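This document opens with one chain alone, in structure tokens, the form predicted on its own.
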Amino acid sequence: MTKSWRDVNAIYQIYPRSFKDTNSDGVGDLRGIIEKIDYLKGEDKSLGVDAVWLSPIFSSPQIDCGYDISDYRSIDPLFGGMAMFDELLLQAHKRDLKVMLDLVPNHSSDQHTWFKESSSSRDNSKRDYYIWRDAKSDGTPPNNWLSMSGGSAWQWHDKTGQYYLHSFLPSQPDLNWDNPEVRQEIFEIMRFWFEKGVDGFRVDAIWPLSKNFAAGDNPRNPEYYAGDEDYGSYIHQNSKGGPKLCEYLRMMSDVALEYKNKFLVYEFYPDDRFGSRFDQYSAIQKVAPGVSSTFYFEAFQTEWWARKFQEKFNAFGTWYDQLPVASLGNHDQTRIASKFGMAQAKALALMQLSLPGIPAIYYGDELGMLDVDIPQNYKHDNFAGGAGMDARDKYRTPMRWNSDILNNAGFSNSNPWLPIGDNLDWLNVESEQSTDHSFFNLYKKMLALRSEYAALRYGEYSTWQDTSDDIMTFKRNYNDEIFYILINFTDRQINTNIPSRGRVVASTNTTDEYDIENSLTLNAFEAILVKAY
């Protein structure tokens, strides 16, 4: 029986370029995912996740590693083509493993036929598929909006004598969501993949879907200025988060509702300049609870302080019955173990996998993978620029299947597209599967507990202690299932208590299970999950 999304224990993000290469071109492919699918689910030694999200695999010039799509209805030959995708979908569903694709609705590649037609003349029928504007009288762009990749968001087009808008790279022109024909194109693309059997979408970069052109220039940031073309020098209140954003998201959610058991997760980063971060998240979360959610990115955007984490996730816990999606990382963010440290990353993993909803796991985080320094001759990321984003290659390095350095950790038998990195003797799948106290086995155990106990998936979230600078605590309960979660944010032992007797069923410091009374001692950076009696 196919699981409902309500019962999915986690979403595992695969960056296909970096998962497994089977044709010796140094780039991961769909056959590689099929070859390693039992690592995810299907065997006793599997990690045990219930859903995978594949970063972009649609046809693309690959200027932004697939986030510049030239054909939304085909699979890029780099990854193996449509027949290989159909086989992957078949093998995943045989294991009751859901498959989500990465949908990019804000922009296409400039190589898409829509843009080729749109840019061919001002009177082309697809001209309004994109956002074109006349220059000012002095020839400069229509307003001061900036691209997240650096510089003006407006690119001059000689042939038709107008500027087009690109919130990201110039090769990623923004689609005009105010045009109903464009919206229908995207909805039909969603239906195409849903009817093939795809279970959902991660929806990329939703914040610029709606703009406020009438308001004109973005205002200067009064607290920061580093030049007119520095992204941080402005408050981007007119170029993103426009008045129709939630309306457009609701339309996409309505397409998912046409089918049974489909789910959307929106990529959304709140802006501190726009007021309460939680209120901004909540507006997206409330679009269609149970059908769509927003990623909650606060874990990797919060300083290492129990009080702050407690506040952020007490707010998150109010969505306990809405399938919220908590994330510790993704392909755009530094690895969580590099950001906070290995012990701290383990503690956050136990925290994340005890939270309500559907946690999102970035491939390799279940091993404790770290950022890798990238030599200049390996660099692929063309995006890093004006938004202060560092080059992201170091977060996207190949999966480490074994310790064989001559075979590039089992990833590829040829030179990989990015380097493997250090610590290969112990930081790899084979080693961690056979090491009781490894990251992998903590993730595996926590995922099994999430599958077993409804309280950990959609049980009520509450607290029993006052907010502390040192310890984060919360409780999960559903019917007669009660769990207590405690995370020590300090580098020293701390004595604390829980409301009742129980059994420690998971810990970041030991693989043993043991009974405890009301009082207990947490070791440095230790996190525990207690099942109450």
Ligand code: GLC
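Throughout, we count residues from 1 along the sequence that is shown. Given the structure is predicted, the values throughout are model-derived calculations rather than measurements.
We do not show the form predicted in complex with the ligand, though everything after this point is about it.
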> Are 96, 444 and 453 jointly within 4.5 Å of the ligand in the predicted bound form, each by at least one heavy atom?
Replying inline: no
> Taking the shortest heavy atom distance, is residue 267 within 4.5 Å of the ligand in the predicted bound form?
Replying inline: yes
>> in the predicted bound form, is there a heavy atom of the ligand that lies within 4.5 Å of any heavy atom of residue 50, even though the partner is absent here?
In response: no
>> in the predicted bound form, is there a heavy atom of the ligand that lies within 4.5 Å of any heavy atom of residue 211, even though the partner is absent here?
In response: no
> Is there a heavy atom of residue 392 no more than 4.5 Å from a heavy atom of the ligand in the predicted bound form?
Replying inline: yes
> Among the candidate residues 319, 207, 281, 193, which is the single one with a non-hydrogen atom no more than 4.5 Å from the ligand in the predicted bound form?
Replying inline: 207
> Within 4.5 Å of the ligand in the predicted bound form, heavy atoms considered, which of 248, 440, 383, 417?
Replying inline: 383
> Of these, 71 to 79, 311 to 319, 328 to 336, 401 to 409, which stretch puts a heavy atom within 4.5 angstroms of the ligand in the predicted bound form?
Replying inline: 328 to 336
> Can you name the residues of 142 to 179 that have a non-hydrogen atom within 4.5 angstroms of the ligand in the predicted bound form?
Replying inline: 168, 172
